[in-house]
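Let's start with one chain on its own, the form predicted alone, as structure tokens.
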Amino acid sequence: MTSSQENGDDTLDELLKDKARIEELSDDEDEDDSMTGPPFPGNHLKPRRKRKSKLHPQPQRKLLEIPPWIFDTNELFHNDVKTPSRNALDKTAAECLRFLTLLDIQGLPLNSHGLPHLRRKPHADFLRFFLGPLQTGFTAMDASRPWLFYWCLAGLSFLDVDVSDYKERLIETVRPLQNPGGGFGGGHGQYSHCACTYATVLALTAVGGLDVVDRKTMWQWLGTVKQDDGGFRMAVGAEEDIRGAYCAMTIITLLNLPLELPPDAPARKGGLTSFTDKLGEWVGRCQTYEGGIGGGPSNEVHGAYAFCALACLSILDAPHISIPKYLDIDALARWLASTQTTPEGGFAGRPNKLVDACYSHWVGACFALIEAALPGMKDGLWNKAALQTGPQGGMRDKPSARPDGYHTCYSLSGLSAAQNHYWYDSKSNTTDAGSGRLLAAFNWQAKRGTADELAVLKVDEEDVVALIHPVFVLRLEAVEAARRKFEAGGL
């Protein structure tokens, strides 16, 4: 049997037919709105499509002036070389162009510049849905429950929704996920995992609920995943990669855990005494000849891994010190800029892959960290005006995909990176003289874009997303509250 991947004439729909990863939304105006397939919130969150009326035709709209970057594709290969990847890229570009040129606005209300408003209430309703009872299909996400908490609570806060009312509910929900040996599992009775612990700590930080965390056992558990080569495993006996380094250092910093390794930490046998020992060098070995960052040394580059590396180094020290010390920053900046796609305007996670809204955060948020590491660099590495939001409640990967909490959270973060200004205060201390706590990540400042800058982006004031911390991906106020809470240190 010949696989569809070997047939260059197959469409994207045919290539994905058996994988159930992307489900097309029908273009048929008369089709019923009911959806099958992966679990999706009820119809109360989806506006009904209106039938076209010959008696009341829609007024003609002036199409958006097409910016020149849409046609500046910088293709490495001729378009007549058709491969499954090329076909998928072309199909996605065609889907996005309908919205980029405002040929299709899907009935959305428009701002003063003729672009769709950020639909705060539908997005917030969508996120609130996932904080209630879920359909049986969501059992597949049982090991990822903390991520649902984080995506939804952080996303709501990015929309200026007060999430403090969720504090007690969240505390009681995550309490059983905390293991006696420290850390949080993804579900009841599951092993502690760096990613799930990271998501839980961020969600608790968002609502001001960090009191539930057993900081002493957390410190001891993190000592079991620190490796003698400098990196971190995701769990005891699990893979060692850049996610573990970023997640672990985020947890240590927000909770102000001792930097000294526990006495029984396995890495002590390799001569290490601190969680930060050899960490910068290990992160540096994750950079490849392309300039990007892999999940580990010699791994394939990926946009999300670049963010993890930059954010981890920005915790260790001031970004203008730590990032150039361990990474080829010029090569990384070139690689990151090359992932912004045309004509779509968003980012792809890897070379020759499809644009995906989540990378507006994973790649887009890298530029504040890069700019802080490059003296004199001012917002010039990426096209902020090219990012696009989704049409329904919730945001999605791309036009042919359904919305979900993950893409909603990180799309909002990406919009914040594009709309607002972030800079590092290089005059502040990077360590606490008394406790030794790493302070570099708390030295970030931010401000809203000016009216003139928002006009260039074609954004109204009401559509601006909250200021989001470029390292911890939470509102700046929540991060500052965590810093003050554990200022005294100790266990």
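Keep in mind it's a predicted model, so treat the numbers as computed, not measured. Heads up: residue numbers just count along the shown sequence, starting at 1.
The form predicted together with a small molecule exists for this protein as well; it is not shown, and the discussion that follows is about that form.
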Check each of Y359, F149, F367, W221 and return the one that places a heavy atom within 4.5 angstroms of the small molecule in the predicted bound form. Y359
Which listed residue (R169, R268, R86, R350) meets the criterion of a heavy atom within 4.5 Å of the small molecule in the predicted bound form? R350
Which of these stretches, 222-230, 351-359, 116-124, 252-260, has heavy atoms within 4.5 Å of the small molecule in the predicted bound form? 351-359
Would you check, heavy atoms only and a 4.5 Å threshold, whether C286 touches the small molecule in the predicted bound form? no
Is Y246 near the small molecule? Define near as a heavy atom within 4.5 Å, in the predicted bound form. yes
I'd like to know whether F275 contacts the small molecule in the predicted bound form, with contact meaning heavy atoms within 4.5 angstroms. no
Does any part of A304 reach within 4.5 Å of the small molecule in the predicted bound form? Heavy atoms only, please. yes
For the small molecule, considered in the predicted bound form: do all three of Y198, C308 and Y406 come within 4.5 Å of it, counting heavy atoms only? yes
